[in-house]
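To begin, one chain is listed below as structure tokens, in the form predicted on its own.
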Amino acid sequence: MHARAELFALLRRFFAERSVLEVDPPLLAKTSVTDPYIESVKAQMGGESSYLQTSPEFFMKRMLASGLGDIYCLAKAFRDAEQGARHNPEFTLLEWYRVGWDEFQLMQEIETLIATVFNKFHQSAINTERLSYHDCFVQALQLDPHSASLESLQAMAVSQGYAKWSNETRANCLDLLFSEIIEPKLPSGLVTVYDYPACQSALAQTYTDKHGRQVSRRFEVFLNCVELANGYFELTDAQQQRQRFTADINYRSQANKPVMEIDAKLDQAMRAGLPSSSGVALGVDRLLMQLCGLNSIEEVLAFPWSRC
């Protein structure tokens, strides 16, 4: 608990020194995310359905659209049925947005942030490296993740012992191969992986790289092979975002998952105009695990779900 308090103080000091405003979005709302891979915790408010928020993203984007500028939030988030060595249904997220920045500027800032807190805890520097998603796959699997056929990705997933993945989607196969094969082999220290496939763009913009490949302007950050953060050069096109939300809803319906409605207030804010910006969400509990050399998220929480 002392280490946790020290980390929170370091994080807040980091942003105060850079004049980034701390905000306090609601934890309970009438809508939640449509993401087919994230399940929301449902609640009742006045007889109506409501949801504990899976992240502060949607409220923070509404703040960005209002012209608030650079902002961050250090608060709880909730995801249903997530429990394990690195997961707890209630966890702490650090999420921030930089207006006018691209994803590479934000990568530099998150690398600086983690290096700063690592030095405070260990009085030493940390090795930092950046790798493209393409290079990770070529080095580990001799496979181009952007051009490989769906059939070849499914076959590779099956060859790794996942027989039921012979009909999985491209995005799911890539995610499985990365998490099961590539992630454990990442270099030690702090590693940022960027230029994810377009099928994994989520709410990031896409672009055509110098090799003519359509890729998403998304990155993830790993510390000693543990995923800490996920960031985007944010999508600002309201119509594109609505199309992606609709695709999510259709996927959820086909998978017999609870169907979530599009957040109308976020849609309205996007149509009013989201400024060009980059944002990232960092798992604070996982960061503390790494700083303290611990293997279970329960060791950094006063009351993990098993004790609630």
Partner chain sequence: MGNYSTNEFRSGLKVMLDGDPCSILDNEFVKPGKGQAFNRVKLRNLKTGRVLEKTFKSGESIEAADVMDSEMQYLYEDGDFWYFMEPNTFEQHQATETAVGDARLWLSEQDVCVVTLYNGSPLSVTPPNHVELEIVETDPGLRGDTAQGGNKPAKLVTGATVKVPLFLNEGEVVKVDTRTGEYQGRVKD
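Numbering follows the first chain given and starts at 1. Not measured: the values here are computed from a predicted model.
The protein also exists as the form predicted together with its partner chain; that form is not presented, and the subsequent description refers to it.
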Interface segment, criterion being heavy atoms within 4.5 Å of its partner chain in the predicted bound form, picked from 270-278, 36-44, 62-70, 23-31: 36-44
Interface residue in the predicted bound form among Glu168, Asp135, Glu90, Glu111, criterion: non-hydrogen atom within 4.5 angstroms of its partner chain: Glu168
Interface residue in the predicted bound form among Asn224, Asn172, Gln205, Gln154, criterion: non-hydrogen atom within 4.5 angstroms of its partner chain: Asn172
Its partner chain in the predicted bound form: contacted by all of Phe104, Ala115 and Gly189, heavy atom 4.5 Å: no
In the predicted bound form, Gln139 touching its partner chain (heavy atom, 4.5 Å): no
Heavy atom of Ser179 within 4.5 Å of its partner chain in the predicted bound form: yes
Tyr162, heavy atom within 4.5 angstroms of its partner chain in the predicted bound form: yes
4.5 Å heavy atom contact, Tyr232 and its partner chain in the predicted bound form: yes
Stretch 119-148: residues contacting its partner chain in the predicted bound form, 4.5 Å heavy atom cut-off: none
